[in-house]
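Shown next as structure tokens: one chain only, the form predicted on its own.
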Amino acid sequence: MPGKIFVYVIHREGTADDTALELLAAAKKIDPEASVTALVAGSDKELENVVKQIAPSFNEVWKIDHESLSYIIAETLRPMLARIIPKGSILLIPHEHFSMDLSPGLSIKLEAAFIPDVVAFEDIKENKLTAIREEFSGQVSTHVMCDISQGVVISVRSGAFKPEATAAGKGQIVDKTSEALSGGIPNGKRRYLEVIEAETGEVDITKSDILVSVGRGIEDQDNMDIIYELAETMGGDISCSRPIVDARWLDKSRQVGTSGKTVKPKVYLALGISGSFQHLGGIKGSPFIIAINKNPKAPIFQIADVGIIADILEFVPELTGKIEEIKG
């Protein structure tokens, strides 16, 4: 059986990220009977709010509470986590920009293996865990077999695991601050200055219930008219993936993803979007996702509730016409 399983919870302004419960679901895929412990770092009231939110879902919550963690920098946190995580443990971290900074070095400090950007797991056999990754923009699935007898740090792609309907834990809170700081506060070369929020733009897509999101599958700016018509018919707002912003067909304020906006719509329509982890990292709140893409191997189909293999240039006008027909 695997060692103790930990989940690192990222948060902002006193609210735990949706990936906390996704990682719990991932942990249960590794070992359905596992006692899963959440790790959370921060300071003061914001940290306490996060702990209260996640405690009911986990068996234990280990917290590190210190003013140096009011804004968390990976090189500050890394040695703290290494002091409290037992050797031989499994640590799951959301695969986003912070984890890409934190995880590789942490795995070295823990003398553990490291597997990035995992989308699925297979059974453990004789301390060998098989993790599934996607390569070449989702065109190829890679099965990585890892010896976890000495532990492993795994970053998990956002949206790859659906949170469980019920995730009842004991909620025991353990303060690990003293142990984490036992070697002193690391003096890193980086320091926090400020957070610069992106401009909202004419439409704040973070507040939209319905998003019609378009990607490179639209092919040409002249084809954008069919997206505008569909969004108007559905009563939704238009968003996009990064290639559309790079082409300057839509404003940066419309971009969904780790380098764009984080959105929580009720319905997310992905049109011609492949579904890179950078894009999926900006979709939170478990919306109903409808993906339309002519590539049957597009990663977006892995997380879509409804997937349609079709050319959006042909399908979208038909969809718009059907919706108009139904609306009368």
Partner chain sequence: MEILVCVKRVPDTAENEIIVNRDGTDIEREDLVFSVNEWDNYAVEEAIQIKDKVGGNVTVITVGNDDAEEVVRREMAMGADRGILLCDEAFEGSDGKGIASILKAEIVKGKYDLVLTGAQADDGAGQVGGMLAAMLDWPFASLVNKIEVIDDKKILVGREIAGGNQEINEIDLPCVLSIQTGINEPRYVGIRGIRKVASADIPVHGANDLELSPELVGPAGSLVKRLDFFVPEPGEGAKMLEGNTQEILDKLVEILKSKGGIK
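Quantities reported herein were computed from a predicted structural model and do not represent experimental measurements. Positions refer to the first chain, counted from 1. Rigid core (definition): largest C-alpha set, two forms, superposition within 1.5 Å.
In what follows, reference is made to the form predicted together with the partner chain, a form of this protein that is not presented.
- Taken together, Thr15, Ser35 and Gln172 are entirely out of contact with the partner chain in the predicted complex: none brings a heavy atom within 4.5 Å.
- Listed stretches are 297-305, 36-44, 51-59, 23-31; the contact stretch with the partner chain in the predicted complex is 297-305, by a heavy atom cutoff of 4.5 Å.
- Taking the partner from elsewhere, Ser259 is found to have a heavy atom lying within 4.5 Å of the partner chain in the predicted complex.
- Although the partner is absent from this view, Arg254 stays clear of the partner chain in the predicted complex, with no non-hydrogen atom inside 4.5 angstroms.
- Taking the partner from elsewhere, Glu164 is found to have every heavy atom lying beyond 4.5 Å of the partner chain in the predicted complex.
- For Gly105, a non-hydrogen atom is located within 4.5 Å of the partner chain in the predicted complex, even though that partner is not displayed.
- Shown here without the partner chain, the chain has Tyr71, Ile73, Glu75 in 44-75 lying with a heavy atom within 4.5 Å of that partner in the predicted complex.
- Core-superposed comparison between the shown form and the other one: the CA of Arg216 exceeds or equals a 2 Å shift.
- The two forms, fitted on the rigid core, differ between the shown form and the other one by less than 2 Å at the CA of Ser107.
- After superposition on the rigid core, the Cα of Gly88 moves by less than 2 Å between the shown form and the other one.
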